[in-house]
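Single chain ahead, by itself, as structure tokens, in the form predicted alone.
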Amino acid sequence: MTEKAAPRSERSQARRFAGWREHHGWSAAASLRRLGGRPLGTLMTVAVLGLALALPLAFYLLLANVQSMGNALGQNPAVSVFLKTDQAGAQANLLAGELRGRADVAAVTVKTPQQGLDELATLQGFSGAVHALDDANPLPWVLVVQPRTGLDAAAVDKLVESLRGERAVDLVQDSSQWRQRLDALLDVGHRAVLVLAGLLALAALLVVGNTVRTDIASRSEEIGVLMLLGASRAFVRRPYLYAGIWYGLFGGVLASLLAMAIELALAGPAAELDRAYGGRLMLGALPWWLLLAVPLAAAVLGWVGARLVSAWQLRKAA
């Protein structure tokens, strides 16, 4: 008796699983046909979702490239030390030798007043002023101090303060300060992108939920008949869950396509900018895994919105 009951139970479970799988396939196909039956409404919903999800991608692309530019331009920040005008080359070379012996200094370059004048003459708008000068050169000796690689901001600040304390030094310019300000701005930007992405994801969830709610309300009589015939809530809401998945998936695909279109639109100006800086900017595109993850995440988001709304609507209709 037990041996006969076991195969019968296994066959029953197999039939239930086959029925469950068949209904999932029918629900996915039926919901897709239903979306295709109202193309205008579907396109409008997908367009709203795509635009909402593309905005965080665009801002992420902008911030990532600004950070790459900062990394490229801010590599090996130098400290310019301007000596007093009464200091001669001997004092400049002596101070440079002392600085090269410091543990927090990687290299020191000595620039003569004539080198500074030549560099000034190459700048636009300064050539005439340079030629108008007499033989006397008003520029001081300059030491370009390269901090040791790996120094944190506090150590660089300490180095700058010690340089300012030198008797022969008139002015110290720290080029790493702009990078610190840029990093602070980028931190604010990353936080803003996360907040924006969360708000737009919530907006996408509400859009899908409202669309599914309208669909359920328009089929309230059909749903009532199914529930009178004994259909479970899971059975009834399954097509609407797939509708939410389709909405999210198509909206996510559109968002990724819009992000790639933005990349293509900016590719030409970005290449010109990179060439202007000698190819050091290392501007890039959105990673492929992110472009693939957006449709999947949007599909999950659509499922969540449809699940919440359909459960509430069916509970109210019961």
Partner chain sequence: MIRFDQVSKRYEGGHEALSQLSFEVAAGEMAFVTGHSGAGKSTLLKLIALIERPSHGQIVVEGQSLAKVGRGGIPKLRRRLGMVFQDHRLLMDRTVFANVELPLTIGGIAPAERSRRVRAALEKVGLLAYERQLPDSLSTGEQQRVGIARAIVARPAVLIADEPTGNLDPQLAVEIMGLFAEFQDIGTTVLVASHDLPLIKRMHKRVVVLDHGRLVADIPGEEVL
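Positions refer to the first chain, counted from 1. Predicted model only: the values in this text are computed from it and were never measured.
Beyond the structure shown, there is the form predicted together with the partner chain, which is absent from this document and is the topic of what follows.
- In the model of the complex, no residue of the candidate spot (T85, K158 and E166) has a heavy atom lying within 4.5 Å of the partner chain.
- Remark: of stretches 230-238, 147-155, 190-198, 106-114, the one touching the partner chain in the model of the complex is 230-238 (heavy atom within 4.5 Å).
- Of the heavy atoms in W26, some are within 4.5 Å of the partner chain in the model of the complex.
- The closest heavy atom approach of A184 to the partner chain in the model of the complex falls outside 4.5 Å.
- At a distance threshold of 4.5 angstroms between non-hydrogen atoms, L171 is out of contact with the partner chain in the model of the complex.
- The partner chain is not drawn, but in the model of the complex it has no heavy atom within 4.5 Å of L202.
- In the model of the complex, R16, G19, E22, H23, W26, R34 are the residues of 16-47 with at least one heavy atom within 4.5 Å of the partner chain, listed from first to last.
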